[in-house]
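Only one chain is included here, represented as C-alpha cells and corresponding to the form predicted on its own.
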C-alpha cells in the first residue's frame, strides 16, 4: 500500500491539473467572446459561401462532414446560415431554460463545422477558422451558461436549479484546460509540419523568403493590389532567418503555453507578435489569433465583471434614492 501512495498523489495532481477549479464566469465569458467571433465570421463569409455554392457540381470536392451531406442547393445553404446565426446569438446570450441552453451550443457548433467544411469543399482551403471550430466544439459540451446569461422575464429561469451551481468548480476548469490543450496542439502540429515538409533547412528562412518573393512577383504580374513589407525585405535574408527560427521555436515550444503565470502569457504574446509579423511581411492574416479571441481561455476575463457590477449597482442605488 505504501508503494501506491506516490502513484495516488501523482494521479491526484494530474486530475487537479486537467480539471482546475475555475470561476463559472470565466468559462461563460469565453463562451461569449468565442461565440460572438463565430457569429461575426459567419456574417462575413456568408456571401462567399453563397457564391461558392452556386459554382456547380464540377467544382465540388467534399471535405470533412460535408462528405456526409454532399452538395446541396444554395437555398439550403442560406437556410443553414440563417438558423446557425440565430443559434449563435442564442448561445452568446445564454438564452433559454436549462435544457434548451444545453442544446443550443452543440447545434451551433455543428452548424459552424458544417458551413466551414462546406466552404472548404470548393477547391480553396481556408485554415483560419479551424481553431475557432475546435474551440466551439469544446464549449458546446461544457457548462458555459451557469453564469453571464440573459434571464427569462421576471429574473428567473424556468428551472431554478441552475442557481444552486457553485461559483467556482472543476466543472468550469476542464473545458478551459481542453481548449488550451487543443490550441497548443494545433501550433505544435504546425511546427512539426514545417520541419516534415522542408526539414531543418526550413529554419534557414529561405523557404519563407522564396514564398514571399513568389507572391510578390505573382501580384506584380497579374496586377493584383495588396500590401505587405515582404518585397521590401527580400534583400535582407537575415530577417527571414530570424522569422523562421522564431516561428519554429514558438510552435514547437507550444507546450510551455500550458504553464501558469507569466510563462504562459509570454508564449501568447510571442505567438500574437508572430501572427502580426506574418500579416505585415507576407500579407497573410489569421483573424482569430490576431483578435486575441483564440487565447481567451488563458485570460482572467471574469475581472471585467467587477467594475461592471459596481457600475450597475451604483446606478441601481441612485435610482432607488
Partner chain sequence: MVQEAGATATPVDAVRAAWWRVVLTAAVLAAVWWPARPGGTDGFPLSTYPMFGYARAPTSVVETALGVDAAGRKHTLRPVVIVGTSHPKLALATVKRAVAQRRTEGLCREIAARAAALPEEERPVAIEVATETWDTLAAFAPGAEPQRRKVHARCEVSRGG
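Note that the coordinates shown come from a computational prediction; the quantities given were computed from them, not determined experimentally. Residue numbers count along the first chain shown, from 1.
The same protein also exists as the form predicted in complex with the partner chain; that form is not shown, yet it is the one meant from here on.
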### Message
Contact with the partner chain in the predicted bound form for residue 55, defined as at least one heavy atom pair within 4.5 Å: yes or no?
### Response
yes
### Message
Please tell me whether any heavy atom belonging to residue 193 falls inside 4.5 Å of a heavy atom of the partner chain, as the geometry stands in the predicted bound form.
### Response
yes
### Message
Contact with the partner chain in the predicted bound form for residue 84, defined as at least one heavy atom pair within 4.5 Å: yes or no?
### Response
no
### Query
Does the 4.5 Å heavy atom contact test between residue 150 and the partner chain in the predicted bound form come out positive?
no
### Query
Quick one: of 249, 110, 198, 76, which gets a non-hydrogen atom within 4.5 angstroms of the partner chain in the predicted bound form?
198
### Message
Only counting heavy atoms and a 4.5 Å limit, does any residue of 100 to 125 reach the partner chain in the predicted bound form, and if so which ones?
### Response
113, 116, 117, 119, 120, 122, 123, 124, 125
